[in-house]
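One chain is shown next in structure tokens, namely the form predicted on its own.
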Amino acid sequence: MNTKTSVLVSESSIGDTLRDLLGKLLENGEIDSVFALRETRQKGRYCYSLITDPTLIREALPFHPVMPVQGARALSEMTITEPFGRPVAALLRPCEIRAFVENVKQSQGSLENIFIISCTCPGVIPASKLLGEDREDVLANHGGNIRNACRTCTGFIPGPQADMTVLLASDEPHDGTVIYLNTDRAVEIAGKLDSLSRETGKPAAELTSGISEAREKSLKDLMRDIPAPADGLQSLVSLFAACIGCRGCREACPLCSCVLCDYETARTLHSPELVRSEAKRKGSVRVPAGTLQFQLGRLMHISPSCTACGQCSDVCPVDIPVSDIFIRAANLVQESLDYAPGRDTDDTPPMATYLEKELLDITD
């Protein structure tokens, strides 16, 4: 049965509509600042910025198809010591919202005073593809250049934390802008925007069912094709053979938030004498050591809360499909634990709980 939902509509482009909306909210004091993407002075380089001047909103690039850093990590760094004192409009993709919710559960940030504007996400392009002279061609062929993590993302419609949702990805091309009003706060703000018309429309899920089917198929293919621990240790050794131990995946991950990582402690850092003795015993040893242990340890730690953003693969200098491996593991682990990361702030993270009779179907 078809249902209707409250939306704002505009004949202008999504970028122009959102810049106009955000500028007016800044001018009338509804919000104090805007957290959004913008291009730096270097062409093709982007960053998240906190914008307070309404005249600078013209520099914002709402939902530009790039993720220079994971938005959840940036918001966590700004709110980990204390919440925003004044309202902030944050433009976040669905995976960024889910990751930030997980961070909030771990006391790594605060949702207080954050008005979230999200979108039905068509995916982002790896940063490396936007650094060449063919950047405009890559952007024009957006759908053919998105991260593999985005091709397999079935959570591209934001959850209840989004106050507004922009219809960006949809089965059929559409002119103008459609913005869903998901919360009472969004409805209140919409009532103060004379430039946008208020209408009713079909829910986003009805307008994106084709995208959902395609991504579910891609996810199924990934689950089938990516090697798993059950395939044997050698398959994992082969997957991570190119790892140089740079720890870039850990630094980029919005969920790796330990103050002191276990892989930077004396327990996992080896003395020259130990390395020498191992080399003498085996004939030769890899340096740096422990790359596979690091990857498997992070996989075990993060997979229950992984939101499949793909940032880890994007920063890997040797093109290891880190996110594909994590997505496969996360889907299996989260299904076993009946846990959906980022769904609700009241859901307790699995790593923070202990149940005596948990996972008996696996361990027995």
Partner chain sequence: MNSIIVDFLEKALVSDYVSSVLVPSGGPDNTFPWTLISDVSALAMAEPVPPVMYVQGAKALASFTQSMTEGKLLAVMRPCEARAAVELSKLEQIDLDNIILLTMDCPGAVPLKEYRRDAGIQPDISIPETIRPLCRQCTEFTSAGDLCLAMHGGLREVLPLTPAGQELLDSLGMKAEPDTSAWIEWASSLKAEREAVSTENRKSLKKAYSGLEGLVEVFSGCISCRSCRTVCPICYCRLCFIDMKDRRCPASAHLENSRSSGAARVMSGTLLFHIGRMAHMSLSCVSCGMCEDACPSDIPVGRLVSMVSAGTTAVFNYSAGSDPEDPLPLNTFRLEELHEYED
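As the structure is a computational prediction, the values presented were derived from the model and not from experiment. Residue numbers count along the first chain shown, from 1. For clarity, a rigid core is taken as the largest C-alpha set superposing within 1.5 Å between two forms.
The form predicted together with the partner chain exists for this protein as well; it is not shown, and the discussion that follows is about that form.
Looking at 194-202, 209-217, 150-158, 269-277, the stretch with residues near the partner chain in the predicted bound form, meaning non-hydrogen atoms within 4.5 angstroms, turns out to be 269-277.
The listed set C256, I80, V187, L139 contains one residue whose heavy atoms approach the partner chain in the predicted bound form to within 4.5 Å, identified as I80. In summary, among the residues L167, I125, A162, A74, the only one with a non-hydrogen atom within 4.5 Å of the partner chain in the predicted bound form is A74. At least one heavy atom of C246 is located within 4.5 Å of the partner chain in the predicted bound form. Heavy atoms of D262 never reach within 4.5 Å of the partner chain in the predicted bound form, leaving it off the interface. Residue contact check for F294: none of its heavy atoms lie within 4.5 Å of the partner chain in the predicted bound form.
A residue is said to contact a partner when one of its heavy atoms sits within 4.5 Å of a partner heavy atom; F63 fails this definition for the partner chain in the predicted bound form, lying far away. Taking the partner chain as positioned in the predicted bound form, none of the residues of 327-342 brings a heavy atom within 4.5 Å of it. Once both forms are overlaid on the rigid core, the distance between the two CA positions of L292 between the shown form and the other one is under 2 angstroms.
For L274, the Cα coordinates differ by 2 angstroms or more between the shown form and the other one after the core has been superposed.
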